[in-house]
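Quick heads-up: it's one chain on its own, the form predicted alone, in structure tokens.
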Amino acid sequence: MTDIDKLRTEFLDLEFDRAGFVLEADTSIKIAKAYGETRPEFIDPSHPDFQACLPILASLASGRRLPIDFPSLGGLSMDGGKAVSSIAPVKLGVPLTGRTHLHDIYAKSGRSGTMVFLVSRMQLYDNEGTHLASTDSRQVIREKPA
């Protein structure tokens, strides 16, 4: 059994990756329209509050999924979902910096055995250091069936 408390003590809240991004207006508009967005601040580049749609933020990924020294937990790894928290509008065409850390590690047991959840949080900042949004990516590691 994995020692979740030990993993939490050793790895939570330590930045393990940093990446730069520039989001393009055309791509954001296409994504916004694909999911049915109609608000002009997400689909009209001439709107004074034009900004990135949230699903494009969920698609951003840094170079690493876990810290380089994070132990292998074995098991079957699956995508456990994404979530985005918007703090301020994310402008398009400007440099952004994503800083990634493990935000949470927890386990659950069920009919299929124990599952360990690893929540990586990327915080997005503009060049002035303003925190604009956070994206959470959950990785689920399920015990291998006997």
Partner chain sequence: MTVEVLSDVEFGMELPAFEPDTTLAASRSFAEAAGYTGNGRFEDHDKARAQGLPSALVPGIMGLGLLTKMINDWAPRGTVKQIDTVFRAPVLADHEHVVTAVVTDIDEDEGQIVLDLSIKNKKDETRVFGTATVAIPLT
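Fair warning: this is a prediction, and the values are worked out from it, not measured in the lab. Residue numbers count along the first chain shown, from 1.
This protein has a second form, the form predicted in complex with its partner chain, left out of what is shown; the following refers to that one.
Heavy atoms of every residue among Y35, P55 and K82 are located within 4.5 Å of its partner chain in the model of the complex. Not displayed here, its partner chain is kept clear of L102 by more than 4.5 Å at the level of heavy atoms in the model of the complex. T114 falls outside the set of residues with a heavy atom inside 4.5 Å of its partner chain in the model of the complex. Under a 4.5 angstroms non-hydrogen atom cutoff, its partner chain in the model of the complex lacks V94 among its neighbouring residues. Not displayed here, its partner chain is kept clear of A107 by more than 4.5 Å at the level of heavy atoms in the model of the complex. In the model of the complex, the residues of 18 to 34 lying within 4.5 Å of its partner chain by at least one heavy atom are, in order, T27, K30, I31, A34.
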